[in-house]
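The chain below stands alone, shown as structure tokens; this is the form predicted on its own.
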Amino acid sequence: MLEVRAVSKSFGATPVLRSVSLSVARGEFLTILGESGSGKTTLLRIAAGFERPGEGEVWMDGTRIDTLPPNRRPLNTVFQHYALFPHLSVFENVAYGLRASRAPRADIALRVEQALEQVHLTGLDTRKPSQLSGGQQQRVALARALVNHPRVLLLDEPLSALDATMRRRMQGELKALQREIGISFVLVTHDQEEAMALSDRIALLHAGTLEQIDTPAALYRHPRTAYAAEFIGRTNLLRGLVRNHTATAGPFIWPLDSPDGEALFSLRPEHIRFSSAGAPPGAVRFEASVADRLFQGSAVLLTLQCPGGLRLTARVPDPAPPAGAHSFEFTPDDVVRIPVPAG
């Protein structure tokens, strides 16, 4: 439905996007994820028409739209700061765009009523933004975008101004709303947990390039770069060597059907377990001392001091055993080989 084709953008001599291409399917919830300065907001603004690409094109349903102004593109944007008019009621805030486009008065009333019902704000149409909670203000911004019947809704970190509890609640409401109305959502965020919870697919940006685009599960379980492995959740990166179907990384050795050469491996903390008598065949066992513990509710994050000075992070159920030496294990299937970064 929406395609970004080889888009590049620089501000002065500083490149912000480097030949980024991605597509959004009809009814898909796609999240553009990245740290500050990755280019994610610039990419969204190019799709919306608030920035022009230096190179590349934007297409929707087979029509090129990067030559069109924002108000002629069949999409709408919800911004990080909701930009509600404080002197206007909820109804008038939502109706503003329709009035500007000279829609019939009867049509305006019906569409505003429908939009407010979609975001569960029926009965609050006469209130001013100052009389609403942060979550309600966010829903007004959503209604103002939805009232225009866009085919794609762009969301620029719309939950970042909310406290943690309200943010989690609104994440659920946002996903439910997207499923209910059935249009494509494109969300920009730096919050990996938010991206994992909401998305059908995640496009991970790093320094203006597309590191990986995949489902949340595939991005977590099968990262294609060291950056993706470390940015999505926690991981242990192990440098090693593969030779004659055997992988070696520090003190660890395990069979691996993979081409010979230098290797980089990702081992997630939850895949390191305390050794048990019922361990799977071929499990890699090792001794390590618990150097530090970080309580995380139902789990504890352990810092393990391994032979040869190697440190690993393990996530184990609480209660965890006391500090000191213990026996741990992981299986070869738990380890993901990723390309060694150049240089």
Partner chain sequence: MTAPLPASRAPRWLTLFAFAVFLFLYAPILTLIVYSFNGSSVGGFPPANWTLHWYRLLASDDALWSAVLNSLAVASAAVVLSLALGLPAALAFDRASFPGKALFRRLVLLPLILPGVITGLSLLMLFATSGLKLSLFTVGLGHGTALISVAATEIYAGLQKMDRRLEEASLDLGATQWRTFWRVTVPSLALPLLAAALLVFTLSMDEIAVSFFLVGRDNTLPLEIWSRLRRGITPEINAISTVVFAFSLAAVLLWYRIRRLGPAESSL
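Just so it is clear, the structure is predicted and the values come from calculations on it, not from any experiment. Basically, rigid core = biggest C-alpha set you can superpose within 1.5 Å across the two forms. Numbering follows the first chain given and starts at 1.
Although not depicted, the form predicted together with the partner chain is the subject of the following passage.
Novice: Of these, 179-187, 219-227, 141-149, 114-122, which stretch puts a heavy atom within 4.5 angstroms of the partner chain in the predicted bound form?
Specialist: Single hit among the candidates: 141-149.
Novice: Out of Leu84, Leu210, Met196, Leu238, which one falls within 4.5 Å of the partner chain in the predicted bound form, going by heavy atoms?
Specialist: Looking at the other structure, the residue within range turns out to be Leu84.
Novice: Can you work out which of Pro317, Pro307, Gly54, Pro70 has a heavy atom no more than 4.5 Å from the partner chain in the predicted bound form?
Specialist: Contact with the partner chain in the predicted bound form is made by Pro70 alone.
Novice: Is Trp59 close enough to touch the partner chain in the predicted bound form, meaning at least one heavy atom pair within 4.5 Å?
Specialist: The answer is no: Trp59 has no heavy atom within 4.5 Å of the partner chain.
Novice: Applying a 4.5 Å heavy atom distance criterion, does Pro269 contact the partner chain in the predicted bound form?
Specialist: Contact check for Pro269: no, nothing within 4.5 Å of the partner chain in the predicted bound form.
Novice: Counting only non-hydrogen atoms and a 4.5 angstroms cut-off, does Ala247 reach the partner chain in the predicted bound form?
Specialist: Contact with the partner chain, no.
Novice: Since only the chain is shown here, I'm wondering whether Lys128 would be in contact with the partner chain in the predicted bound form (any heavy atom pair within 4.5 Å).
Specialist: Close contact is absent here: in the predicted bound form, Lys128 is far from the partner chain, nothing within 4.5 Å, heavy atoms only.
Novice: Which residues within 96-125 place at least one heavy atom within 4.5 Å of the partner chain in the predicted bound form?
Specialist: Result: Tyr96, Gly97, Arg99, Ala100, Arg102.
Novice: Aligning on the rigid core, do we see the C-alpha of Arg72 shift 2 angstroms or more between this form and the one not shown?
Specialist: Where the cores coincide, Arg72 shows only a C-alpha shift between this form and the one not shown that is less than 2 Å.
Novice: Rigid core aligned, does the Cα position of Gln114 differ by 2 Å or more between this form and the one not shown?
Specialist: The answer is no; the displacement is under 2 Å.
Novice: With both forms fitted on the core, give yes or no for whether the Cα of Ala217 moves by 2 angstroms or more between this form and the one not shown.
Specialist: Result for Ala217: no, shift under 2 Å.
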